[in-house]
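This document opens with one chain alone, in structure tokens, the form predicted alone.
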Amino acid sequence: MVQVTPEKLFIRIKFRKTGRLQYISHLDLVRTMNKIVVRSGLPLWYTEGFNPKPKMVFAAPLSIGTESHFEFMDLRLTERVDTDLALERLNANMTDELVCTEAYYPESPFTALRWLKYEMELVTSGASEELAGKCNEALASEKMEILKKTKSGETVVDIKPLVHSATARFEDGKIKISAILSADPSSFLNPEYVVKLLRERCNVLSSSDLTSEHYSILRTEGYFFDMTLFR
């Protein structure tokens, strides 16, 4: 439990990052947020040194190409401010694709975030109830081995221990996947690896025509170890 004191006062900002902004990197996001929080006029705490900066900490950075309704930033302040006022001032400098949805004073550190939920939509040839069934078989298998590139080359990795749950369904002509994956910094699982598994085992997204098939990934929720909603 974080002890909030005048010397170390953080306000937690929940925000979403969607649309075209899914293609900016985490570093670009940090730079953008830096400008936004400075313009907000909030009583920011700055680092010391030659180039002082507001103290910002982010939870579970997104990979490029993933949208999210469940992003968090802890912002250090020099004094307590009203959370509604903080939200108003931040959103005055934001867009519909990058917008703050909640502000509060946290009681838990980001290290308590253990699981993240993703919704994936695969527009793929042959999408059907049968293909969704094959995807479910792959997602329920005892081992979920994929070929992963590392600095030392390619290696086979079993991602099964990092998957809390994953299911597939056929809906609206698409294969839709709901998955809850590890958010632990030491064993974080990128949802792209779930898509990779289905490519290799179920032959989804295999067309040579890149315009006919595509997929999207949206982060929707996060959980503590006991699967209660993270805050």
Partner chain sequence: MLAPSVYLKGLEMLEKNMSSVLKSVSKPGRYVGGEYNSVKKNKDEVKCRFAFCFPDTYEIGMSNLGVRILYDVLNREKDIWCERVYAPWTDMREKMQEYSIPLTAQESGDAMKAFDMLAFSLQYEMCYTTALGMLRLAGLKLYASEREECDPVVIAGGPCVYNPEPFAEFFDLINVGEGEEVLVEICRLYIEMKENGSYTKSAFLRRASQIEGVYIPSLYEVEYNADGTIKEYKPKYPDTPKKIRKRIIEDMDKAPYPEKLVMPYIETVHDRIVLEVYRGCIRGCRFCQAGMVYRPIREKSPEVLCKQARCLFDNTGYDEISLISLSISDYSELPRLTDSLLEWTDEKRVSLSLPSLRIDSFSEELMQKVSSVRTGGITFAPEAGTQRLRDVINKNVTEEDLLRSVNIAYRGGKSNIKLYFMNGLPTETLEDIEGIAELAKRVVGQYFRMPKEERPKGVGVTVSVSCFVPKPHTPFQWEAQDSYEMLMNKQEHLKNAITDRRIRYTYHDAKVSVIEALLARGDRRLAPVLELLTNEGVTLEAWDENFDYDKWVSALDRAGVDMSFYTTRGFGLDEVLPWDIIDIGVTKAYLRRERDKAYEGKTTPSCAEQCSGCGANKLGGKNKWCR
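Numbering follows the first chain given and starts at 1. If you're wondering where the values come from, they're calculated on a predicted model, not measured in any experiment.
Below, we turn to the form predicted in complex with the partner chain, even though it does not appear here.
Contact with the partner chain, judged by heavy atoms within 4.5 Å in the predicted complex, is confined among 91-99, 104-112, 152-160, 139-147 to 91-99.
Among heavy atoms of Y215, some come within 4.5 Å of the partner chain in the predicted complex. Using a 4.5 angstroms threshold between heavy atoms, D28 counts as touching the partner chain in the predicted complex. None of the heavy atoms of P61 is located within 4.5 Å of the partner chain in the predicted complex. A residue is said to contact a partner when one of its heavy atoms sits within 4.5 Å of a partner heavy atom; V38 meets this definition for the partner chain in the predicted complex.
Residues R20, L21, Q22, Y23, I24, D28, R31, T32 are the members of 15-32 with a non-hydrogen atom no more than 4.5 angstroms from the partner chain in the predicted complex.
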